[in-house]
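Only one chain comes next, encoded as structure tokens, the form predicted on its own.
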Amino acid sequence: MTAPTAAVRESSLARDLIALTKPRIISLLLLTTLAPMYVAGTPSWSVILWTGIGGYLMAGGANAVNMYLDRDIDHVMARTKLRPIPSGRLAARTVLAFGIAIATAATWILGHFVNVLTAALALGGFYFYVFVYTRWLKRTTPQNIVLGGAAGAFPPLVGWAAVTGRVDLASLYLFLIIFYWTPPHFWALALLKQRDYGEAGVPMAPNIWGERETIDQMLWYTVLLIGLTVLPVTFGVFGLTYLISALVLGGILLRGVWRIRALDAQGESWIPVAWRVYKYSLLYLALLFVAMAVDRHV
């Protein structure tokens, strides 16, 4: 084997291992971890650093184990068939071992350099995502995203505990915001990818309830989400800067979901709008959490 060939293979392996962690998804999870740290107080750089590293490794480990568990359906779906396992670039056992290893490392890092509660919460998110969502809910009920959304709502609890050493009412509000954000966010994608999910046998809402009912549910969850984002202001957790941000950002999201519903009622194509709603929902959550941190320090 020539040196250049070995280098190429090592580079390819590194790219595949990084791909297992789903960096683009983790970037949002890290933001919803770090922003609450500034809402809770003024964290030191060391706490920010170790929480960020531990959070990335824990979420990355969960994503890798998720790919291991979904290896039987990933090759069927267009958006997942190029992942390392279905494409044949990595063996399934390698992916499982990698996921467990980095999640274990994350637990030690968070427990040693931050605090035990932070490590326990992060590990709880790992187990919930792997066993409750991926192993149980995903393939058994169209409510999979609703109940499974709790897995993605752990990061604010992790960030809050890293700074305060506890979980209190304010952190639970942040948990609930992500919990209620998840259905309209993910169902926008499910509407666009329902053929993929149907072929894989995953009972996503559009495949079971139909498009109209799914869109109606998206609308109601968005209304509830906006109300929930405003609620912490009434308890004095956030102020005017956050309130204006929450209303403007939520109004844009609601308008997008309403537009999907209106187009569907008229029998017109809502696909371009659904794509925009899905992409905007990512930006929405990021900006909302940034607004929280800014509000507490302005």
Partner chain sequence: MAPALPALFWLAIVLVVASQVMILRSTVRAMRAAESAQARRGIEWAYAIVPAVALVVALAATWQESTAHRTRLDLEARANQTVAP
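Numbering follows the first chain given and starts at 1. No experiment lies behind these values; they were computed from the predicted model shown.
One more form of this protein, predicted together with its partner chain, exists but is not displayed; see below.
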Counting non-hydrogen atoms within 4.5 angstroms of its partner chain in the predicted complex, say which of Ser44, Thr234, Gln266, Ser27 makes the cut. Thr234
Name the single residue among Leu69, Val273, Val230, Leu249 that comes within 4.5 Å of its partner chain in the predicted complex, judging by heavy atoms. Val230
Work out which of the listed stretches, 165-173, 100-108, 76-84, 194-202, brings a heavy atom within 4.5 angstroms of its partner chain in the predicted complex. 165-173
Answer yes if any heavy atom of Leu49 is within 4.5 Å of a heavy atom of its partner chain in the predicted complex; otherwise answer no. no
Its partner chain contact in the predicted complex: Tyr180, any heavy atom under 4.5 Å: yes
Though only this chain appears here, would Ala262 touch its partner chain in the predicted complex if you measure heavy atom gaps against 4.5 Å? no
At 4.5 Å between heavy atoms, is Trp136 in contact with its partner chain in the predicted complex? yes
Looking in the predicted complex, the residues of 201-237 with a heavy atom no more than 4.5 Å from its partner chain, listed in order, are Ile208, Trp209, Glu213, Asp216, Gln217, Trp220, Tyr221, Val223, Leu224, Gly227, Leu228, Val230, Leu231, Val233, Thr234, Phe235, Gly236
